[in-house]
Structure formats: C-alpha cells, structure tokens
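Just the one chain here, the form predicted on its own, laid out as structure tokens.
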C-alpha cells in the first residue's frame, strides 16, 4: 500500500479486537487521538504519560465510547530509568503475557534557537524524552512484542528528522535518531520475528507542540490529530502485515 493509500485507509470496525496496545504521550494531541481510535476499534489500550489528570480524561472518553476499559500507567519519561521501563514490562507480562502494539508518540519540542545558543540541559532533556526513552521502552517491551502472534511498533518522526532545518536543534536531531533507531530495529527483526517497525511523520497538526513552535500560525488551517488516524490504524492493524522499515507521512 502506498503512503497515499494509507492516508485514505478505512479501518474495519473490529480491526484491533482483543489486541493490547501501549501508547506513550496518551494524554494529549496525537497520542490521545490514537488511544481513542485504537480503543474504538477494539483494542485494550495502555495509556502511558506524565500527567495523571489528562490520562484519566482520555480513560473517561474511551469508557464513554464503550471501548475496552483502558489501563493508566503514569510515567515521566524525562526522569524514568531502566528499572521504570522494566516495571512497565513486568506489569504487562503479568496481566497479558504479550503486547500487540507500541506507539511511541511522547515528545517535547525544546528550544527553537541556534545550536551555538542551545542550553545543554534542554538538549539532554529533549534527547532523553524523544529518543532515549523510546529505546529503553522498546528494549524492555521487545520480549512481549515477540510473544504476540504479530506486533507493530510505530515511532513518531518529523520532516525535520529527515532533512535538518535551522533552529530546530535537539528536536530535529532526536528525530534523525528516531528514524535511525527504527531502521536498525526493523532490519534486526525482519528475518527472525513477526514484529514490524515503522515511522510516521504526522506533519503540521493542530497540537500544543505545533502552537509552541509556530505561535503566530492560525491553527484552524491545520489538520486535527483525529484526521491523521488512518495511517496510525493501518500500521497498527493486520492490513500492514509485512510492512516494516518504512517511514510514512500521515498527510
């Protein structure tokens, strides 16, 4: 399926029935929309994020839609270490014994400033949340993903993670790293595992991060997170079986 076809994908109502899917950054923006979309197509969703109140609001939305009752797992990716990610894996192993899907959506923008003026502490935090956390969580959850009949890992990329652009600093570099991590992992797994690994570039979307990056922009001209969900559903569901090592645009 081409990128354009994926953008037009119409997911069957029970595409993700009985699937267990973890979404990071699930309390807001694209993560919230994806969690709700996955649940509305039958998935048991684990909502992982920093702010409990936001996760609880998404939980309530899913329950109101009669989706499978989600699970809330608060975690601050900026501060989490290897034991925290292993704790997530151990809890899911005890409750489910496998994991069918993992969406790495959580991310922070950092500074929009020249490299020469970039604050080192902010650089470290952006790399920690956007790249290191994705590595550590994937590493901890990989045995559970491999225990599933088939599984999908989706990393969140960016246009500035494919071609560098001035003043995007650590955010752009972290997304270059994300693309590299996904490519390496997909090549490692494609011959020995049924876990597929892909990236999605959401593009300009009506989110808080976009508003922070472009404060003068009219948000009403941008697509909403909900309008991007065809690609996210396609890559998470059975119709993308065999698709791995790709980086798709959501719009």
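Source: prediction; values computed, not measured. Residue numbers count along the first chain shown, from 1.
From this point on, the text means the form predicted in complex with a small molecule, which you will not see here.
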Residue 203 within 4.5 Å of the small molecule in the model of the complex, heavy atoms: yes
I'd like to know whether residue 186 contacts the small molecule in the model of the complex, with contact meaning heavy atoms within 4.5 angstroms. no
Does the small molecule get within 4.5 angstroms of any non-hydrogen atom of residue 57 in the model of the complex? no
Does at least one non-hydrogen atom of residue 169 fall within 4.5 angstroms of the small molecule in the model of the complex? no
Suppose contact means a heavy atom within 4.5 Å; in the model of the complex, does that hold for all of 51, 78 and 108 with the small molecule? yes
Tell me, which of 129, 137, 145, 154 has a heavy atom within 4.5 angstroms of the small molecule in the model of the complex? 129
Proximity to the small molecule in the model of the complex (heavy atom, within 4.5 Å), stretch among 59-67, 37-45, 190-198, 205-213: 205-213
